[in-house]
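Given next, in structure tokens, is a single chain: the form predicted alone.
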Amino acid sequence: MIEVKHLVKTYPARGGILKQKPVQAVKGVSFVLPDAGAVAFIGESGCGKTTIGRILTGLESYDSGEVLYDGVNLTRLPSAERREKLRKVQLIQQDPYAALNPSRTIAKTLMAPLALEAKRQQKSKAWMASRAREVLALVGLNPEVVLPKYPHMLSGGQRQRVVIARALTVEPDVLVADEAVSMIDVSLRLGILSLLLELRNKHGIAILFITHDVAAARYVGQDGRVCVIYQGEVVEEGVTDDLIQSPVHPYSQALLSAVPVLRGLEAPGPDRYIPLGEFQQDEGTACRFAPRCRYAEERCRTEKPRTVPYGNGGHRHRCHFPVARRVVAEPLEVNS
């Protein structure tokens, strides 16, 4: 479906009081998102995850590399054909409270994209109304109750489902879910994640899932792949369960070691740690994670690692000294 090759994006310098230097947000990222597949990007804030999602949806340009949709490079297409391709890739915004216009009812919110779709397909207003009810039912909402309401009359989980319904109005092939559950209550997250998984399994919609949450990435990315991204570079990637169970890059291990455990059921493993060192600001010739890595050696500070395979199954990493370390101990016996 989508193939990304050596993607690079740099934001230019800014003047003013801050005098911000150019920021290279994405540095040579490559991955493949197949039909009805799933790729999850995990990493800390500012690592370039959202930029990649915005590039795929056409909201952001890129400096170099290739983004192929069904083998076609969109930058070489006329603008009309490019829009037609990008219509099939829809974004699920992170904040459902800001994503919906407070002055519009849910009916009007859904009718806006449906009006364009009806004009394109030469459909009637009756079709628009039917389609609005259909997508709301698809995301688990009662159309008769929800359509006349304004966003402030809905809960956070309902708003997020409306945002997903709006993305589904144009029958997309790909959904880019940018932190789709980070702004809603923990008790409602599983419902949204289950909905995304259902859209993938039953309706064949591919998912690019952007998140901080390793557990959410594992749930939505079942039988898919996970990419761990650090300062714009993919430092490790592999099949979802393989990477989460046996991470070999220290940064991946640090992310997994941050997953909370229940006291009395599990205990932190010996390799649990938080990387607290200084960020490496310039490109240099060293590993960018070396200043924060507890396992760094002299080679890490003088030689930039390359992406190489680890074992079978397409597991790859960018580390001089990959070691599969246990980051959470086995469950302990609980006394009655």
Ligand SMILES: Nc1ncnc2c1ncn2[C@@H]1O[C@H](COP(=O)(O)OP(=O)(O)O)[C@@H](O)[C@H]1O
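Just count from 1 along the sequence shown to find any residue number. What you see is a predicted model, and the numbers here were worked out from it, not measured in a lab.
Heads up, the form predicted in complex with the ligand isn't pictured, but that's what we're talking about next.
Novice: Mark G46 yes when one of its heavy atoms lies within 4.5 Å of a heavy atom of the ligand in the predicted complex, and no otherwise.
Specialist: Yes, G46 sits close enough to the ligand in the predicted complex that at least one of its heavy atoms falls within 4.5 Å.
Novice: Is F321 close enough to the ligand in the predicted complex to count, meaning some heavy atom within 4.5 Å?
Specialist: No, no contact at 4.5 Å.
Novice: Quick check for you: of 23 to 31, 285 to 293, 61 to 69, 307 to 315, which stretch puts a non-hydrogen atom within 4.5 Å of the ligand in the predicted complex?
Specialist: Result for this chain: 23 to 31.
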